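Heads up, the chain below is alone and in the form predicted alone; it's given as C-alpha cells.
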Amino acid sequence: MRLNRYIASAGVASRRKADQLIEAGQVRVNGALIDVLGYDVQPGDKVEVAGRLIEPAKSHVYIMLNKPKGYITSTADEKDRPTVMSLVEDTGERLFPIGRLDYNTQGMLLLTNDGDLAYHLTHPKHQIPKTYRVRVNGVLSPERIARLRKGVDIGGFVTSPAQVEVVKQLERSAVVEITIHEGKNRQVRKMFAAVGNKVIELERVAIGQLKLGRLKPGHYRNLTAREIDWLKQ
C-alpha cells in the first residue's frame, strides 16, 4: 500500500495532506525518515507520523457536522484557534474533514477516517454539487443573477455556471441559495463580490443528495447507509 494511502486509512489526514506530511519530513517507517512520495508500505512495517505510531482503521466512520462560525476546518491550527476536531472528540475515532469551510462560514462538513473515499470526493473530476444559503447586502438584481448563473471571474478563474435562486429580497439585503460544484478558496464570497454584493452570512446546506436539515450548529450525526452508498457511487 502506498504510504499516503496508509496514512489516510489510519484517519490521520487525506491523501493529499499525507503527501504534504511526507514532504515535510513528518513520517518515518521502521525508524527511517521517508520524505519522498511513492514509498510502498510492506506488511510488518511500523509507520510513525509526527512521532506517533499509526495503524489503518479497522472500521470506517462517516459523520455530518454542522460547523459553527469561529472554527478552523483542520486537524490542528498553528495559531491555536479552535478546530472542528474538538466538536467530534467524543466519537473516539481519528477523523479528518473532507474538504473545508472557512472560519466565518457555517454548515455541512463531512468527516471520516476513510482515506480512499475522501480522496475521490475531493478529486476535481468528481463535480459534486454543493448548495449554500447566503445573505448578501443590497439588491440582487436580475442582471447580477444572470451573471452568477453564467459564470464570473473571481480573480484569474472563471466559475462554471451556477444555480441561483432568490429566497427572499428584503429592503437592504437578499437571501439566496446558490449551488456550485467547484471548491475554490472562498469561492462563494468572491462570486458575490464580483457582481457587487457583499456576503453577510454563509451556510452550506447540502452536498449533493445529503441535506443539513435540522442538525444544530456544533452538533453531528452519523451518515445513514443510504447516504454512504450515495457518496461511494
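Please read all numbers here as calculations on a predicted model, not as lab measurements. From 1 onward, residues are counted along the sequence shown.
Quick note: we don't show the form predicted together with ligand URA, though the next part is all about it.
S.K.: Specify the contacting stretch among 159-167, 95-103, 112-120, 80-88, defined as having any heavy atom within 4.5 Å of ligand URA in the predicted bound form.
M.R.: Looking at the other structure, the answer is 95-103.
S.K.: Identify which of R28, H181, R186, K69 has a heavy atom within 4.5 Å of ligand URA in the predicted bound form; exactly one of them does.
M.R.: None of the other options qualify; the answer is R186.
S.K.: Identify, from the list V41, M64, L202, I207, the residue with a heavy atom within 4.5 Å of ligand URA in the predicted bound form.
M.R.: Residue within 4.5 Å of the partner: L202.
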